[in-house]
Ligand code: PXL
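Here's a solo chain for you in structure tokens, the form predicted alone.
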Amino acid sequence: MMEKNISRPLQCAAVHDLSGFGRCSLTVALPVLSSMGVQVSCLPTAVLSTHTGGFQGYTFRDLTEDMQPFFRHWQKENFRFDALYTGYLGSEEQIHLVDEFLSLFRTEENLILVDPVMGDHGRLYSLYTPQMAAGMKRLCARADVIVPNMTEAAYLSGMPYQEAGHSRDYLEKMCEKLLSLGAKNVVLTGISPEEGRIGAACHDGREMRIYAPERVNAAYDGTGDLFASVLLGALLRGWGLEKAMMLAADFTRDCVARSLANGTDRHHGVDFEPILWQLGKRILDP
């Protein structure tokens, strides 16, 4: 996606929420991309005491009113970014603001990655409205890469949702419909072409590739953010789409396996910190 031999620091603007506890969103994107040699500038959409999965009584502060002044200041300072990276957006207004943000900071050289966080396990999140889903389609149309899970891909493409047993024909049709939204590349996460295997599929508009290693029998919050962040870091370092997808899938799987062995609570996210150095070494000194 980009030149591999890069002499200057890479810059990424990440539009995500920030949870004080729990590895997801910014608390994943920032350390992962930093370990891959990318400076992350954070545009927070909300601040929470914990993420919303599995915790009760968490605090929540909506930062919608702060978002435009935040990125307008960046514009005034003439900041430039090699990547624009968006994750969960909590309202239709935030989607409109991110649309404006992408317009202001899009260049011919930078990369836009949209993770259309909308739902999981066949259902949209409870607060997600049809208007928000339509707005997410508009953001996907502007992206160089979109990274939906199978639930999000089904809603965005209009195809029926399948939990598992994804045939090549089904995945290819889904990718083609997602590409027709306007995105240049698609990476589907959580695909399961056969029992006991889970991974991802990518399509660059010419060909689809599937990578589905053996499944680790565990599920953890925040793994989608981990996958997307590793994928973006690899693309920024000049890796091709398929190779970047495989790295993201392998690293995510390794972190899940490690967390399972450690008995980590699924709502705490995966134990990626002790092996970030391995990711950095592989990406910066392959």
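So that there is no doubt, residue numbering starts at 1 and follows the sequence shown. Here the structure is a predicted model, which is why all the values come from computation and not from measurement.
The form predicted together with this ligand is left out here; the points below concern that form.
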**Single option in Val117, Leu156, Val98, Met132 placed near this ligand in the predicted complex, where near means a heavy atom within 4.5 Å** = Val117
**Request:** Report the residue, out of Phe105, Tyr125, Trp74, Tyr170, that has at least one non-hydrogen atom within 4.5 angstroms of this ligand in the predicted complex.
**Result:** Tyr125
**Asked** Is there a non-hydrogen atom of Leu48 within 4.5 angstroms of a non-hydrogen atom of this ligand in the predicted complex?
**Response** yes
**Request:** Indicate whether this ligand has at least one heavy atom within 4.5 Å of a heavy atom of Thr52 in the predicted complex.
**Result:** yes
**Asked** Does the 4.5 Å heavy atom contact test between Tyr88 and this ligand in the predicted complex come out positive?
**Response** yes
**Item:** Contact label in the predicted complex: Cys24 to this ligand, heavy atom within 4.5 Å
**Value:** yes
**Complete:** TL;DR on 34-42, 64-72, 254-262, 221-229: the one with heavy atoms within 4.5 Å of this ligand in the predicted complex is 221-229
**Message:** Pick out the residues of 136-172 whose heavy atoms come within 4.5 Å of this ligand in the predicted complex.
**Reply:** none
